[in-house]
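Only one chain is included here, represented as structure tokens and corresponding to the form predicted on its own.
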């Protein structure tokens, strides 16, 4: 099994709180985390800035519990889109966007969810867990997202804070599982405090409440997270894929007549 990862730790201005979150994640056994920078175009005009290097924020990273390796810190950008015009930024080749390790999109409507699954070059599609979904999941866009290697992210920290959010979290997660059949699911925390973090095996058990099988729940905090990270690396480094196909030989080419000199030798 791949190492455990939490791909959503909110990146706030307080370095001490971030350091405590990293130490808690490493102590719980997470080998990789992603610092999430959220941009909501609905609130105000925001620009996408360059991600801050983890080495600048944390001179020394904590060591993962049970190993001798230090925790890996990734950068993530989440765009909250409520209008189709907001998606134009993801379609453009912005230099700052390409610097982030993971790109996620949080669609607010069914139309934007369809666009995110079918056309946008992203790594994660965030599912709203704090309120009732304004639309139903449909199989064609979800299946296309799975085929494109895009994962769907569910958060568990809101369910810890409030009982109403807990009900919405479970309800929305089960609605998604009925369509995607447990494929390409990532469960993250979005924890703002160390007390809101849970161990990877506890999160996997929580996945059982979402309708995942035992293997799918473990993959939601391990192999699917690794697949998301690799998907982001491919997006950053590759602009396209070139493949070759061997052209089949025609029957006429295979049965070409032998030269006259070779015919004499074979007959002799």
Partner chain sequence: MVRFKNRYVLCEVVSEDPRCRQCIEDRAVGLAVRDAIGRVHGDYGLACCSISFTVKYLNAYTGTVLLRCRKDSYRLLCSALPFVRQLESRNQRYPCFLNTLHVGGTIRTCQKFLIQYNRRQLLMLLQNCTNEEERRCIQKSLLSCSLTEEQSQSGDEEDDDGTETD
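It should be emphasised that the depicted structure is a prediction, and the values quoted were computed from it without experimental measurement. Numbering follows the first chain given and starts at 1.
Unshown form predicted in complex with the partner chain; subsequent notes refer to it.
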| item | value |
| --- | --- |
| The unique member of 57, 209, 49, 230 whose heavy atoms fall within 4.5 Å of the partner chain in the model of the complex | 209 |
| The partner chain: the contacting residue among 112, 160, 155, 73 in the model of the complex [heavy atom, 4.5 Å] | 160 |
| The partner chain contact at residue 166 in the model of the complex, heavy atom, 4.5 Å | yes |
| Residue 27, heavy atom within 4.5 angstroms of the partner chain in the model of the complex | yes |
| Proximity of residue 205 to the partner chain in the model of the complex, heavy atoms at 4.5 Å | yes |
| Distance check, residue 214 to the partner chain in the model of the complex, heavy atom within 4.5 Å | yes |
| Candidate stretches 128-136, 99-107, 73-81, 194-202, one within 4.5 Å of the partner chain in the model of the complex by heavy atom | 194-202 |
